[in-house]
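Take a look at this single chain, the form predicted on its own, given in structure tokens.
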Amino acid sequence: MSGELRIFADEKELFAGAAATFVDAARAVLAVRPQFSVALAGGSTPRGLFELLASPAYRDAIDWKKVVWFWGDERNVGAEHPDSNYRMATEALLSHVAVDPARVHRLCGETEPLAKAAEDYQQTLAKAFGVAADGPPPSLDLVLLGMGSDGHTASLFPFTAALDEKARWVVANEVPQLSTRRLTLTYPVLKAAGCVLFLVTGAGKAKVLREVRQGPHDPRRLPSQAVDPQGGRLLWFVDRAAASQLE
């Protein structure tokens, strides 16, 4: 599989490497453009990175007011729900740094029908980048992704309809294996990104990481395999436990 693989001794070192990568990417972009765009990942792993970015070591590392915030996916819940990816990122990072509220764009998982929330978010992305909502997707500067033990990323789950989306940037995805619905960015947006950074930790991810990176190409079963930025960077930051089955 393509992409640069970096193996860290443990989660602490991985988060430090990811935080440095985040800051370096932001500084590089802000040196030539007025804003830095990032899509945040949900789940448990990114919290450690967010908390580190909010710490004194990084709190003043960049001009946070110039960061434009998006999310890679969201559960079918409101902003205050314990399962909300937006709430997690806000508690761990956004409430601790000087963000511009007008540049924080959450996915509204409580909206019904959920397809309307997806349509609205595509319009939000288009407006933020000054592009047509019915054209090619914009290029996010950085997309943070995790990977589930089933090989999913964002809310692109195995064998779900969102995997087939070729035009829309955001969709409402039925996830029968979890008896739920999710909002998710699609492959067209992920492939347009300037940089995609996967964060994978723990021995529980070792088997699927080996399959995703070194097994046969089967993205319907292992959706993370299909994330391949066209012209951008693909980085895999994994700890030693997650990398334990790699050849």
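Nothing here was measured: the structure is a model prediction, and the numbers come from that model. Residue indices: 1-based, along the sequence shown.
Below, we turn to the form predicted in complex with a small molecule, even though it does not appear here.
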Which of 89-97, 150-158, 102-110, 128-136 lines the interface with the small molecule in the model of the complex (heavy atom within 4.5 Å): 150-158
Exercise: residue 173 in contact with the small molecule in the model of the complex, heavy atom 4.5 Å: no
Heavy atom of residue 45 within 4.5 Å of the small molecule in the model of the complex: yes
4.5 Å heavy atom contact, residue 75 and the small molecule in the model of the complex: yes
